[in-house]
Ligand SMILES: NC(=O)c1ccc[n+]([C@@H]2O[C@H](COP(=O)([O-])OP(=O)(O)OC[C@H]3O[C@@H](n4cnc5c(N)ncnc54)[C@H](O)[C@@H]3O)[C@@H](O)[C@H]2O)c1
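The chain below stands alone and is given as structure tokens, in the form predicted alone.
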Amino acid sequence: MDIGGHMLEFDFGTKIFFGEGSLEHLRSIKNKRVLIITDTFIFNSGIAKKVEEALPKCEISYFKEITAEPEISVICAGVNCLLNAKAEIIVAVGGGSALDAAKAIRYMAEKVYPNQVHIEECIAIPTTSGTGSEVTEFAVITDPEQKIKFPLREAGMRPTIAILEPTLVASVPSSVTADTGMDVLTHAIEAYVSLNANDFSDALAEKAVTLVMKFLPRAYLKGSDMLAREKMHNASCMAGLAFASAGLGLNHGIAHGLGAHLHLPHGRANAILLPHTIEYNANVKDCRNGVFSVAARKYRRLAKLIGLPANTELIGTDQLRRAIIKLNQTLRIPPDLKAANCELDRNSKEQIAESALKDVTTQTNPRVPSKQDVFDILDRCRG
């Protein structure tokens, strides 16, 4: 974090259309074979139909078998559908699962069938404000046999176009708004203190945090508040750009394990973990000679940025933690695993800790965790 002394790179890579009416960009696409990748809920809700109607001069095919936690078998089925459709354009519509699956389908198809697949554009249209998947080169896929979620990271998976149409999230249920919104906050905070944080990722992370703290409660309490919806959609994208550059941390490493073993929704897992990983990363109790960790100093900076008392690193970190706990309460997110109806036994605890330490997101955490550190965090989350 705060890296200096050698060359770095920051690349958006994705053209972004945002604000009400941004879906109209699709009308510029004509006479193409388009594969829309989504799930049955989005298909039946009419959202996919809106996308199709914005492509009146194209040949449309669908792959709508996306599941909440896309497995390897789903990706393989999607590749076959892509081949059969002879698609030139991929349009992914949905939450993080649909976007991640579409990115993986495109990447695998191009790698395995380079002479048959020629994708001109991969367009991501998120219908939740959470993952930032529309601008990243990450995709999280589930291996049900090993009970693990493994993040893929390949430059070729980043969508070429992202469309942030806020009207598509107006009907998202409040509980989903809460979970996905806390995922945005976690993305931004983890990117901010990541070992690979830089000036550009910091700027995006800071803006994302301020937008979430102001507009997530509004979007939760009144889904039809289009200003709040637009700001949360933008915050999600900004946080995605931040962590695409800087990486994430231990919070996501553990959350992936909680999702795979306990089937806890990803954003909710992040929300429960976040106050505890902030305390762990700041490590203010072990401060020596008044020199605090970079993470503690940056947590203090975030606290000041959102208007909290932060005269010292100790106060700033504590105030940030308390603000997140209060936000979770406003969003009616369970305070711990027990309240979330998740039973953490010794075996699952061991497996979650092992997978968290191996998770690619943990590698950029500002503090190197041991298995006991993960156990301690899980115990504090147990309830």
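All residue numbers refer to positions in the sequence shown, first residue = 1. Just so we're clear, the structure is a prediction, and the values are computed from it rather than from any experiment.
What comes next is about the form predicted together with the ligand, which is not displayed.
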Query raised in the report: Every residue in 228, 299 and 309 with a non-hydrogen atom within 4.5 Å of the ligand in the predicted complex?
Result: no
Query - Non-hydrogen atom contact residue 78 with the ligand in the predicted complex at 4.5 angstroms - result: no
Query raised in the report: Using heavy atoms and a 4.5 Å limit, would one call residue 258 a contact residue for the ligand in the predicted complex?
Result: no
Query raised in the report: Quick one: is residue 290 in contact with the ligand in the predicted complex, heavy atoms, 4.5 Å cut-off?
Result: no
Query - is_contact(residue 171, the ligand) in the predicted complex, heavy atom dist at most 4.5 Å - result: yes
Report summary line: Assert contact residue (the ligand, in the predicted complex, non-hydrogen atom within 4.5 Å, options 281, 180, 186, 194) equals 180
Requested in this report: Could you check which residue among 54, 333, 42, 344 gets a heavy atom within 4.5 Å of the ligand in the predicted complex?
Outcome: 42
Query - Partner-proximal stretch of 196 to 204, 134 to 142, 216 to 224, 81 to 89 relative to the ligand in the predicted complex, 4.5 angstroms, heavy atom - result: 134 to 142
Requested in this report: Taking the ligand as it sits in the predicted complex, which residues of 101 to 118 have a non-hydrogen atom within 4.5 Å of it? Please list them.
Outcome: 103
